[in-house]
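In the block that follows, a single chain appears as structure tokens, in the form predicted on its own.
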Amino acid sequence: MAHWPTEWPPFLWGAATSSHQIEGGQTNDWTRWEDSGRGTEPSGRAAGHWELWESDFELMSRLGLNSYRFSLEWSRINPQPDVFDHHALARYRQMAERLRTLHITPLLTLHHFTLPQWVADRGGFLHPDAARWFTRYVDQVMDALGDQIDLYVTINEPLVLVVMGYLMGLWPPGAHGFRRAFALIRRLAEVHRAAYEAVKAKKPTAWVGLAHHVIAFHPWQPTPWDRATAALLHYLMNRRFVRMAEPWQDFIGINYYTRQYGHWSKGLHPIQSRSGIPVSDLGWEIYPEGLGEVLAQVGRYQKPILITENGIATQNDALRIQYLKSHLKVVEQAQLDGLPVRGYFHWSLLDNFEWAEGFSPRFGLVGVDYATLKRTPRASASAYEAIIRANQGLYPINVP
């Protein structure tokens, strides 16, 4: 197992965002999808972070965060096949430099769901040249700001991109079909490997991984058929891609939110929740024990683990505090059990544009008034701050 660098905090207390969801002013495949009327609503200026990033960073510092996961917008940096916007790269470099002066360790995501329109027009990641296009973009990023950043996620939630865009058709490109979906899974693994090697070529000491969306799959009933269905869902959605990419991951990134159920009659369509169990505003079950289950499952790879996303969509901030503390208690127990969990990134720092669901879900520690862009830290932000400050320099963590 790789040793955790001594120059980094022993535990990364962070929050996470993505460019399309907070920056505003995008011209990518998602904005075209929204403008065509296939989305719930246009993302527009989103949370206005492209202009307000400096005050947002000051807010993070006041909350005591020592790490921040954010993504770059490929379409902003590489708007045309042979065009790179060096003003955009300079802005992202300013961001990375400012985080470092605030003693906030950046975790950079290179791809978080969106594509430049010219890439989408050519078939997206299914195009044979996709890995070359992506690594050319990665090379530009590394040249511009690689000296400022040591931690990288190549692709956020590859299987979510496959399921939502190529099976269910709810995201761009709105496709359906298992053949294309399984071809895309293989291609995304190739793209990840190419990006991993591109980062390492420029900065051998960098730590590079993926952010995997992992669900705790349980059988609907304790029958052999439901158990087999849950096991198949776990293999296809959780385990398979982690294994495919495992040699090219310095850490395992886990995005965990909920539990779902396998029922033999539903095939590969899991049941989202069971009656009587609390759910988020999106209908996702609240099941902190599932985080412990998935941490134990990825622990077999003997690599440091980062919880790259965990959070809840809710208007009830007391419920958010309960969700936060209960999941952090699971992290504490996992560490005591010997699992090398080295970071936790709450989703999200800010209320944001939540893809097909639009602006209605509220995930933020910090509320955003979309009419004025005013930021208002919630009580959950204060609760998180108190936990962070009580754990300065501690590993394992101790959650009161």
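So that there is no doubt, residue numbering starts at 1 and follows the sequence shown. As the structure is a computational prediction, the values presented were derived from the model and not from experiment.
This next part talks about the form predicted in complex with a small molecule, which is not shown.
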Subject >> Residue contact check: W284 to the small molecule in the predicted bound form, 4.5 Å heavy atom >> reply: yes
Original post:
Closest heavy atom of F363 to the small molecule in the predicted bound form, within 4.5 Å or not?
Top reply: yes
**OP:** With heavy atoms only and a cut-off of 4.5 Å, decide whether S380 touches the small molecule in the predicted bound form.
**Re:** no
**OP:** May I ask you to state whether E73 is within 4.5 Å of the small molecule in the predicted bound form, using heavy atom distances?
**Re:** no
**OP:** Please name which of the stretches 336 to 344, 355 to 363, 28 to 36, 49 to 57 has residues with heavy atoms lying within 4.5 Å of the small molecule in the predicted bound form.
**Re:** 355 to 363
Subject >> the small molecule in the predicted bound form: contacted by all of F113, N255 and E309, heavy atom 4.5 Å >> reply: yes
Original post:
Which listed residue (R187, H213, R122, R239) meets the criterion of a heavy atom within 4.5 Å of the small molecule in the predicted bound form?
Top reply: H213
Original post:
Here the chain is shown alone; which of T229, N156, Q260, S280 has a heavy atom within 4.5 Å of the small molecule in the predicted bound form?
Top reply: N156
